[in-house]
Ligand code: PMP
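Coming up is one lone chain in structure tokens, specifically the form predicted alone.
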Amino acid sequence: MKPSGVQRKIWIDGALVPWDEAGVHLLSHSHQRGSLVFDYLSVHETPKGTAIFRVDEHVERFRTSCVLVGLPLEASADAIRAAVLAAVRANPGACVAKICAYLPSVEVDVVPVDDHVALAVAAYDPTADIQARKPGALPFRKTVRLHIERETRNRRSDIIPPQAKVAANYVSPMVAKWRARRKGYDEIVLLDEEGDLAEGPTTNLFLVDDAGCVCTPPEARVLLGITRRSILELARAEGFAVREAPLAVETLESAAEVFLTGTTAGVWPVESVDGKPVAAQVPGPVTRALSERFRRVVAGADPTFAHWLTPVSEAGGRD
């Protein structure tokens, strides 16, 4: 479906292709086997122009995902970075960019004969270009009704590492979240293979304990969230104690504050867990402080973290 009112173009293997022409065969390996690897970046308007948030960290995570999945991606970090900047420059008004690595060849076996990995970058506005054209799309809520998913545990290192942003990793969470949505929840938190708290399908989990410490599951058990990493740095900058350690389910149920983080969500306060209110005031003081600091950073209004923003006017490559 064409984006409304905007002639979007998608960067594919070095060429800018019109949105409606950016296709792949129905029987392509990545479509049939779930082997597409991706990353998702946020784009912001700042006093110095359009900028991308932590592009180098996203490119690094994208390349790590390809390694974990075994995709033989040939593009260098600089080449991927240049592609992201080119895609955003070609699509004014975009507020996100999505990098994709996929096997476009039509294949029979689970292991492809043609292992060419295509690289694509789409830059767009998810609300205006996609969601607004979907009848029945759910509006974004400012606070979250969270459900603890106790049945589905796909955050297991012996299947696909949770650090890999590969399409196949999102099927089990999709099923679980769909089930929770039908029960009136907005989001779920998954448990890891030890039964401890892990993360949401596309978000990282934080809680604030009674002492005001900002707590989150360890990096080894969850997606390498760029927003997660940023919030940890901002929490330290704000003077909050920080702890990365396994978190039992009970710690979530007794937390003073709970929030989720992600590229789309930013800092997303949780109002209830399994129907039980988290606190009388949502967002709580720590969540509010971190949310406000994060908003200043992405708006280009925080000199301390100005290096996290890369202007799209910058030359793409650095070779």
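Each residue number is its position in the shown sequence, starting from 1. Given the structure is predicted, the values throughout are model-derived calculations rather than measurements.
Omitted here: the form predicted in complex with the named molecule. The next part is about that form.
Trainee: Considering A83, L191, L223, A101, which brings a non-hydrogen atom within 4.5 Å of the named molecule in the predicted complex?
Mentor: It is L223 that has a heavy atom within 4.5 Å of the partner.
Trainee: Please pick, from T143, S172, S105, T202, the one residue with any non-hydrogen atom lying within 4.5 angstroms of the named molecule in the predicted complex.
Mentor: Selected option: T202.
Trainee: Counting only non-hydrogen atoms, choose the one of 143 to 151, 245 to 253, 117 to 125, 202 to 210 that falls within 4.5 Å of the named molecule in the predicted complex.
Mentor: Correct option: 202 to 210.
Trainee: Mark R228 yes when one of its heavy atoms lies within 4.5 Å of a heavy atom of the named molecule in the predicted complex, and no otherwise.
Mentor: The answer is yes: R228 has a heavy atom within 4.5 Å of the named molecule.
Trainee: Please run the contact check for H29 against the named molecule in the predicted complex: heavy atoms, 4.5 angstroms, yes or no?
Mentor: Residue-level check for H29: no, no contact with the named molecule.
Trainee: Please tell me whether any heavy atom belonging to T263 falls inside 4.5 Å of a heavy atom of the named molecule, as the geometry stands in the predicted complex.
Mentor: Close contact exists here: in the predicted complex, T263 approaches the named molecule to within 4.5 Å, heavy atoms only.
Trainee: With a 4.5 Å heavy atom cut-off, would you call R54 a contact of the named molecule in the predicted complex?
Mentor: Output for R54 is no: heavy atoms all beyond 4.5 Å of the named molecule.
Trainee: If we check the named molecule in the predicted complex, which of the residues in 57 to 94 reach within 4.5 angstroms of it by a non-hydrogen atom?
Mentor: Read in sequence order, the residues that approach the named molecule (within 4.5 Å, in the predicted complex) are H58, R61.
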